[in-house]
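Only one chain comes next, encoded as structure tokens, the form predicted on its own.
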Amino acid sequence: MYTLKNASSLKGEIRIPGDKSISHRAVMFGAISKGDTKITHFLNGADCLSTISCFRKLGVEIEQFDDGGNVDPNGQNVIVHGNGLHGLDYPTEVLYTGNSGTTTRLISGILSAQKFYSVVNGDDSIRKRPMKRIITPLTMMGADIVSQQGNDCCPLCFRGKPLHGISYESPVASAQVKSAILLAGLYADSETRVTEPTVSRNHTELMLKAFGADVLSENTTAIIKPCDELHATQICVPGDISSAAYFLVAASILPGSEVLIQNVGINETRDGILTVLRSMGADITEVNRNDNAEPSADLLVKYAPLHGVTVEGDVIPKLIDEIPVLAVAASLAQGTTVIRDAAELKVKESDRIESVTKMLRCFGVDVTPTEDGMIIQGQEALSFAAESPIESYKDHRIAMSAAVAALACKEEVPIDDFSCVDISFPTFQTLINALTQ
């Protein structure tokens, strides 16, 4: 249980944890490369630790260190001693991915091509999340994948087979689906192409290039050629914009706030939250921009009155994970906010259309769920009148979004199962406390 009180404002400078998507990929790609991949500012959250655990079970030596160079299981500096593209070992136990959809789906592309049998399983949430979206294209490539329960969900059993390249039209814009196919394409006998309805986040394409893969993008199509070997590199992980989003919204809705968030990744396939908040009237300035392959900047956010907008179309894949906290911003914006084209919310760690709706209603917000989003009527203030704590559904993004709403609420707000935030943001409470002192 986590109880929050109203905060008059947020002030200060913070550094947020490393990007979850990039941290996952750095470990995975380093594991199947030749040489030692060095990762700094790695996100030491539960999801990314699941990725490390799985690749250790596949015979990859992975070390973690603190900033002083001392061995530390919680260290943000990681060295992955790669086994090469064809050097993974047969796992003697189930590859347990915990709550991580990224680990589950991306590792499936790699396991499909190995010369051994393996099983992937996760927690209760993962065992309900749809895996047919990767099973279908990977099977088209020649993979032998069986859903143990026959429901197209985990546990998944893999019997590694030779793969061939395909041209796949994905029905969803999903970086996890695209990445699983591209990773399998490394092992295929010919070129592999993935075309999406709109472009999803492109961390896989950018990072595979850094490891030496022949990958390129043409409009909404990603193309990869078979690879003999990947080669280790150094990865500096920028701050996660999904984590920054909670502070961007909190500072925008609390009068008198001014927060500098350092070193935030602003990849153009991930910056939808900046686009939409600015369209709502938010005061967000980029400072010290760094245009590397994964661009980053310090973000200075100040309180500003917000107004409702319509959020739909191509911007949705760029902010799908930030919609729960964006909904909190909408609840305190003048006018109506409409969110459309976001049916993907239904198959996240919780059904986020349902869970966001229930969470906002606990604060007295007039919100109407729809098949692919929600309609939110903005109001001047939030008030907590529920008889029981807010249910997080053990979904880290619902828990943290509820916490942001609580900061703007005049009553104390209890949130249940708040430990789930450790999945992506283990220092969340510490940073909230630092900014509200």
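As the structure is a computational prediction, the values presented were derived from the model and not from experiment. Numbers follow the displayed sequence, beginning with 1.
The following text describes the form predicted in complex with a small molecule, which does not appear among the structures shown.
- In the model of the complex, the small molecule sits within 4.5 Å of a heavy atom of A175.
- Under a 4.5 angstroms non-hydrogen atom cutoff, the small molecule in the model of the complex lacks K318 among its neighbouring residues.
- The small molecule is not drawn, but in the model of the complex it has a heavy atom within 4.5 Å of R133.
- A residue is said to contact a partner when one of its heavy atoms sits within 4.5 Å of a partner heavy atom; T102 meets this definition for the small molecule in the model of the complex.
- Of the stretches 149-157, 247-255, 318-326, 68-76, only 318-326 has residues with a heavy atom within 4.5 Å of the small molecule in the model of the complex.
- Relative to the small molecule in the model of the complex, residues S21, R25 and K348 are all within 4.5 Å by at least one heavy atom.
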